[in-house]
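Encoded as structure tokens, the following chain is the form predicted alone, with no partner shown.
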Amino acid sequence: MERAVIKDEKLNEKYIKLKHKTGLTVLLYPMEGYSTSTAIFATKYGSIDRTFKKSTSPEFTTVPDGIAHYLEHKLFENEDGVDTFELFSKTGASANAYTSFDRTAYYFSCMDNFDESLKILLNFVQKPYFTDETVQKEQGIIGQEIKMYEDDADWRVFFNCLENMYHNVAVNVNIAGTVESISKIDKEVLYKCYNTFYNMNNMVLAIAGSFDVDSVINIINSEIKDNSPVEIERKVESEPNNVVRSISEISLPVSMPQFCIGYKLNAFSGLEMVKEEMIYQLICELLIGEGSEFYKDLYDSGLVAGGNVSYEVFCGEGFFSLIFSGESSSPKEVLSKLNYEIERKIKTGFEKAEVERVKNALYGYCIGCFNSPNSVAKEALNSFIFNYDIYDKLKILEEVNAEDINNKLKLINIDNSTLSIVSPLKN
């Protein structure tokens, strides 16, 4: 295997990056003195990957919404009828999986029996088993999951915000799809997607914590199956700069209106996207963090429940936006006040001292994440998905200054925003 050791002199830490003969990327981060370990086996395949083709295929294929999530569910089943979670419970590992917009990840954390748990992880993800009967059975299970989320206020207010912002990028579609879309899934399309995206050339194994590197390499060599590398072409939909609609409102059984405010920005890729993400994280904290004037105003006025507005820099290939959410008796007034604060800060700019304050806090948080095997493994996965180095975020933060912050702040257009509201039922 090709091997590279990546070091960070300031942290005095290092990790190993390997390229297996099958094309699998392996990121190993041994952490001396730790008693736990986390392993993530993931593919760069999420809900937005609806239209694609292998480089050897003449035409693109479009598959039903929700199929990446469907595959995640189905891989826990196998031909022998053995419960994968039961296998993990015997080793004492805590295991699970998730599908997001741009990835599907299978993972476990444990204190003991790491090697045995790793073999289980690598084995079940590589053994797809689909029949007409099991696929049809899963449609009912996932259909119930979809209906459950339709009644979840937190989920609905967030996804309605995405629907308000995005015309074509598939972040405006529920990750699990719809009851109608999953009814079109059969075993043939599942195998097609699996054989395309679960190719080792499109996958990563990220491990952090207490483990033996040589033992892990031996397990990889014995358990990873040979496959021919697949080059995948993904159809990227063009996305207009403007939002779809400026406001949406639905009613659900909640005690107070919930809101999501979204500001749509231009999309970025790779390391550039990571840099923009870090800068806009700082901007959001400067605007509405607990040390800001705006937070104090919200807290004193009681306009927002608890004075708390959470924020997220929501980004990936083809999408980039800022999302602010919370509970308020008057979401429209919150939007008005936030717009006013953004425009005011665009004019005055942020002072160097306040930029350094939030920058140091975020820098400290990022360093603190290196004390958690779970956080390190997740960051290793992110670095694979977006093609950057695990230590790059720290280097970006070191270089960011007040001028960078104020220049990027000016790119937020309050006219390119949307408000999603979930109101209490009138009855």
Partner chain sequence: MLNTKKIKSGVYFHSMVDKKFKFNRISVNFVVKMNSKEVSSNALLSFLLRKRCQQYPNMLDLGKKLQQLYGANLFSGCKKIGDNQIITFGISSLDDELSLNGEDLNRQVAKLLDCIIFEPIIESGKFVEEDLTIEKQNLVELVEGEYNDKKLYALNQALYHLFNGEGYGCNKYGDVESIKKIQNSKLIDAYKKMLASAEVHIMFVGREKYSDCFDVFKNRFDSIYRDDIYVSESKKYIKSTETKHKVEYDQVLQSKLVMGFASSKQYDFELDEVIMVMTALLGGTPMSKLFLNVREKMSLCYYCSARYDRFKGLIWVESGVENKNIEKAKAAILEQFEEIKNGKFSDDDINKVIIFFEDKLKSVFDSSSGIENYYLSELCGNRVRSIDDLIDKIKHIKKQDIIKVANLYSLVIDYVITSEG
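Positions refer to the first chain, counted from 1. Everything numeric in this text was worked out from a predicted model, so none of it was measured.
In what follows, reference is made to the form predicted together with the partner chain, a form of this protein that is not presented.
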Is Tyr129 close enough to touch the partner chain in the predicted complex, meaning at least one heavy atom pair within 4.5 Å? no
Contact test in the predicted complex: Ser228 vs the partner chain, heavy atoms, 4.5 Å: no
Even though the partner isn't displayed, in the predicted complex is Glu59 close enough to the partner chain, meaning a heavy atom within 4.5 Å? no
Classify Thr51 as contacting or not contacting the partner chain in the predicted complex by the rule of any non-hydrogen atom within 4.5 angstroms, answering yes or no. no
Decide yes or no: are Lys137, Glu293 and Phe370 jointly within 4.5 Å of the partner chain in the predicted complex, with each residue judged by its heavy atoms? yes
Choose one stretch from 263-271, 198-206, 82-90, 169-177: the one whose residues place a heavy atom within 4.5 angstroms of the partner chain in the predicted complex. 82-90
In the predicted complex, the residue from Asp112, Asp186, Glu312, Glu233 that sits within 4.5 Å of the partner chain by heavy atoms: Asp112
Considering the partner chain in the predicted complex, which of Asn382, Ser375, Asn401, Ser35 comes within 4.5 Å of it through any heavy atom? Ser35
Using a 4.5 Å cut-off on heavy atoms, what residues in 129-149 are near the partner chain in the predicted complex? Lys137, Ile141, Gln144, Glu145, Lys147, Met148
